[in-house]
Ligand SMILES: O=C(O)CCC(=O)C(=O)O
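One chain comes next, on its own, written as structure tokens: the form predicted on its own.
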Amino acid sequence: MTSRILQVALVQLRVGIDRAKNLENAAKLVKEAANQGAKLIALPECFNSPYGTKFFGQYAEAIPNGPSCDMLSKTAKENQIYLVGGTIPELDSKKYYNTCTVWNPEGNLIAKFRKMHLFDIDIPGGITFKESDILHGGNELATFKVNDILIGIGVCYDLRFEELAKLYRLKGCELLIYPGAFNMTTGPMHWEVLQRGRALDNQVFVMSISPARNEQGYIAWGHSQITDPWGKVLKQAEHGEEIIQGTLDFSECDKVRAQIPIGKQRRTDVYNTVNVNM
């Protein structure tokens, strides 16, 4: 029988302006997490570069041929793990994307997700940001399997959109992973509750991975988190550089779906969530 238990780790790393040092640090911390027994390891949004519109073009790479993908492939293979490569700025056909890649234990690229919902907000007295000044949004979902567990990918602002998570749930996903970099305004208010909401809405595990908090530039909230399908926070980091580990038992998805069968009780005669690209 295929195992329904998965050892995971979230690597909340500190990101600076030196790409080579960022990649070296990421590889070192992933190895540390793997040595502690994790088989699925995830990095944060923009793990190879500072986060910000002025940096996306400067640090952009082709996928899968750039130095960041080279490191991710080698690190996944050397440690015999599934590696969710946070995000990196991607350049393709003169367009920029914020892109998550996933690598298997053979070092092969098995999934790619381009951030779908761009972070364009204006909170007076809080934060103003407009990713669409340079980035394009992706249009496709991305899933991959570890054993028989189907996993869906979103990025940061995508966490706010329940329809995306619902599409993954309808595909059969039991774990959703969101590399993200919430800020010091929205992070304290929404980071934890949104993850608990997506987990409860769809009766799935949710993992969100933030960069560690810097002292200048775009300041990330941190607090990488693992949430179970009951909406319970299993693990949460502080704001510094840290690895959090978790043991996910996917029989919990079966239990909550049997005991609170909202999946079967949806009124699809009245409403539905559909993928218009299918």
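A residue's number is simply how far along the shown sequence it sits, counting from 1. Source: prediction; values computed, not measured.
Keep in mind the form predicted in complex with the ligand is missing from the figure; the text below concerns it.
Undergrad: Choose from 199 to 207, 177 to 185, 144 to 152, 74 to 82 the stretch whose residues reach within 4.5 Å of the ligand in the predicted complex, heavy atoms counted.
TA: Flagged stretch: 177 to 185.
Undergrad: F55, Y59 and E90 - do all three of these have some heavy atom no more than 4.5 Å from the ligand in the predicted complex?
TA: Result no, not one residue of the spot touches the ligand.
Undergrad: Flag R114 as yes or no: does it have a non-hydrogen atom within 4.5 angstroms of any non-hydrogen atom of the ligand in the predicted complex?
TA: No, R114 stays farther than 4.5 Å from the ligand in the predicted complex.
Undergrad: Can you tell me if C156 lies within 4.5 angstroms of the ligand in the predicted complex, counting non-hydrogen atoms only?
TA: Although the ligand is absent here, C156 would touch it in the predicted complex, with heavy atoms inside 4.5 Å.
Undergrad: For H136, is any heavy atom within 4.5 Å of the ligand in the predicted complex, or not?
TA: Flag for H136 set to no.
Undergrad: Taking the ligand as it sits in the predicted complex, is Y168 in contact with it (heavy atom to heavy atom, 4.5 Å or less)?
TA: Flag for Y168 set to no.
Undergrad: So which residues in 42 to 61, when you check the ligand in the predicted complex, have a heavy atom no farther than 4.5 Å from it?
TA: E45, Y51, in sequence order.
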